[in-house]
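Taking the form predicted on its own, here's one chain by itself in structure tokens.
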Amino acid sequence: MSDFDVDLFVIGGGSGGVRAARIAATYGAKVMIAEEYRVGGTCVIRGCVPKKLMVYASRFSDDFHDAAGFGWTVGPSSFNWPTLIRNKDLEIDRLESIYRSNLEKAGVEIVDSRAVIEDAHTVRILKTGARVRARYILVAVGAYPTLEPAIPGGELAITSNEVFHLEAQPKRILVIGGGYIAVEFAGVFAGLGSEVTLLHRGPKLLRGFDEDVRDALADAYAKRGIKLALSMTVTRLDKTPDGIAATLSDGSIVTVDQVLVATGRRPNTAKLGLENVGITLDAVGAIPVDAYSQTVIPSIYAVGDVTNRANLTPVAIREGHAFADTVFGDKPTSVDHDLIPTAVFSTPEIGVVGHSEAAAEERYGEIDVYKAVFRPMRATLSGAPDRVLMKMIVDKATDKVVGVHIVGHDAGEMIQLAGIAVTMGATKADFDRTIAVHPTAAEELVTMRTPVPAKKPVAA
């Protein structure tokens, strides 16, 4: 008789944990998964999926405006926040039921409770107190948004968790942060008609992105009426009869209806019992793992944001799958975190794969840079001020394309396909001999022929 109740116990029912559980089960493993909130995790329940639905909602105002230039007469329009939130919630409920159904069909037992680690092979289910012995334990609890740094009145602000459940649309909102979440929600609320101030402590948004991308987004957001407060911080928040008064580091005060803090997320490792087995967390609270997601304890693995490697949903899914292949499929698989296509669902949208110009120059030495900035065809009749940026970075020594950067409509869709080519090691010559699809924005990726002078980065 086995000493274990299950082959695998997964703590966390988000994207990485669910994928690992399902794939392990298909290999014949007996699997149990514990989730204390809702199956689907941050991405499905209160992250990228509901956010993308809100992004879609915010872009209809542009569609109504642009239609006139193409001969359409669009009558008076209005936006209803409760309708969006209600329909968004219905869709999230539907998706969660699908996640649960897929786990059950795979034979995975779902436990609706928090679970903690007691030793290298034992997990305790808090709701019942039951202890489960597992041959392997996988930690996939993700990360949580922070209200950092702490300031007087900080409790008046909300995070990206609460923003999805606001009863009313804030007419004035201060968004604090310069990363994915901050710029995306700034774009959402601006598109829905809110007065938006986007504050970031650095001189530019999206630290780590290519300089041209950062400049293009800032320019586009300014044209969309978003007030950019860069190289600034908030020193305190105060409740007033007119809303929330935010005192900024330059002494000015911005009064708004809501303050959204999107300054970062931290691994959700508190009170998991990791100290019981001798796993020491890193400086930000993440679980250190090797290339195969294994911790210093051979029976315990971790995937996704809790490891703080590359905090993106598709990466967590890939890591979960690779874990199952390695441990239960007899196919040792590691995940390459060096080349990851990604999108920022700002408006305009951003799609990136590979290195920025500065990073490529540092890594490869001599590079060629190709860039095109142009007015998209849709804007020619609508009169919109939209611009598209296409940028390609090429390693001179090998002619390999090592970076593609797009700012513009459907950049996320385009970068997924460009990502295939870059991942396969396509050269600039490969792009050049590809016949263009005309008229499209993406054709610029295969028609740029003349390198441009290199651009020196500024401090982040």
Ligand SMILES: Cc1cc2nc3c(=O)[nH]c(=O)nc-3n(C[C@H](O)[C@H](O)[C@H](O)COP(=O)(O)OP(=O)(O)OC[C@H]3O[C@@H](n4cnc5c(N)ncnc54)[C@H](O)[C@@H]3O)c2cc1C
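Because the structure is a prediction, the values reported are computed rather than measured. Note that residue numbering begins at 1 and tracks the sequence as displayed.
Here the subject shifts to the form predicted in complex with the named molecule, a form of this protein not shown in this document.
Asks: Quick check on this chain: with the named molecule placed from its pose in the predicted bound form by superposing the site C-alphas, is the site open or blocked (blocked meaning at least 3 ligand atoms within 2.4 Å of backbone or C-beta)?
Replies: Judged against the named molecule in the predicted bound form, the pocket is open.
Asks: Want to guess which of 386-394, 201-209, 113-121, 148-156 is within 4.5 Å of the named molecule in the predicted bound form, heavy atoms only?
Replies: Of the stretches listed, the one contacting the partner is 113-121.
Asks: Taking 4.5 Å between heavy atoms as the contact cutoff, choose which of A418, V401, A34, A411 touches the named molecule in the predicted bound form.
Replies: By the 4.5 Å heavy-atom cutoff, the listed residue in contact is A34.
Asks: Scan K428, R59, K51, K30 and let me know which has any heavy atom within 4.5 Å of the named molecule in the predicted bound form.
Replies: Checking each option against the named molecule in the predicted bound form, the one that comes within 4.5 Å is K51.
Asks: Would H321 show up as a contact with the named molecule in the predicted bound form if we use heavy atoms at 4.5 Å?
Replies: Residue-level check for H321: no, no contact with the named molecule.
Asks: Flag L272 as yes or no: does it have a non-hydrogen atom within 4.5 angstroms of any non-hydrogen atom of the named molecule in the predicted bound form?
Replies: Flag for L272 set to yes.
Asks: Can any non-hydrogen atom of F328 be found within 4.5 angstroms of the named molecule in the predicted bound form?
Replies: No.
Asks: At 4.5 Å between heavy atoms, is Y180 in contact with the named molecule in the predicted bound form?
Replies: Judged by the heavy-atom cut-off of 4.5 Å, Y180 is in contact with the named molecule in the predicted bound form.
Asks: Even though the chain is shown alone, can you say which residues of 43-78 have a heavy atom within 4.5 Å of the named molecule in the predicted bound form?
Replies: Counting only heavy atoms within 4.5 Å of the named molecule in the predicted bound form, the contacting residues of 43-78 are C43, R46, G47, C48, K51.
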